[in-house]
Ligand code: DAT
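A single chain, nothing else alongside it, follows as structure tokens in the form predicted on its own.
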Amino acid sequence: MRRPNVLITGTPGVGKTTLGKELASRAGLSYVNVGDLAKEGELYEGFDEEYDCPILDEDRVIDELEDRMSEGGVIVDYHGCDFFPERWFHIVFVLRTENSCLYDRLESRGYTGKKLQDNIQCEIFQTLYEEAVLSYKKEIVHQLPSNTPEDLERNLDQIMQWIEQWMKDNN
């Protein structure tokens, strides 16, 4: 049985991991947090002193995921999306969060200074939505609000309906 691959992207702190894990559980799909995958496999090509974080080796991430993605049924969670092959995903969801809510979430994670401000600006200027639209067919890219627990439930219901319809149409 064919199963879709889903990309959940957006600025850090918008709720990708919460949504992705719950969606995988409900839909019976596998879940990959690219940050965790990189950490486990040490898929880095250096360290960014300014942002105090490792630099992802995108080619190694793609090599690591290729077989799983070709099998289908994978939910991928990452704050960037322009390096993944377009052929991997059947649908892309960009989570969006109001700035005050996002600020509080990032601050609670210990984000400060330039890292905090740059991520807020990224959300204000829709940077990741634009990246997604430029990287994938516009008709498969969808923005979803991610501010409240009610938004989370609505998003889960909406994506589950899409997955169920995709599976009916493709099996």
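Bear in mind that the values here come from a model prediction, so they are computed numbers and not experimental data. So that there is no doubt, residue numbering starts at 1 and follows the sequence shown.
Below: the form predicted together with 2'-deoxyadenosine-5'-diphosphate (DAT), not depicted.
With the partner left out here, 2'-deoxyadenosine-5'-diphosphate (DAT) still marks one of 116 to 124, 103 to 111, 135 to 143, 53 to 61 in the predicted bound form; by a 4.5 Å heavy atom cut-off that stretch is 103 to 111. At least one heavy atom of L152 is located within 4.5 Å of 2'-deoxyadenosine-5'-diphosphate (DAT) in the predicted bound form. Proximity of T18 to 2'-deoxyadenosine-5'-diphosphate (DAT) in the predicted bound form: non-hydrogen atoms within 4.5 Å are present. The closest non-hydrogen atom of Q158 lies beyond 4.5 Å of 2'-deoxyadenosine-5'-diphosphate (DAT) in the predicted bound form. Residues are counted as partner-facing when one of their heavy atoms sits within 4.5 Å of 2'-deoxyadenosine-5'-diphosphate (DAT) in the predicted bound form; in 77 to 100 only D77 qualifies.
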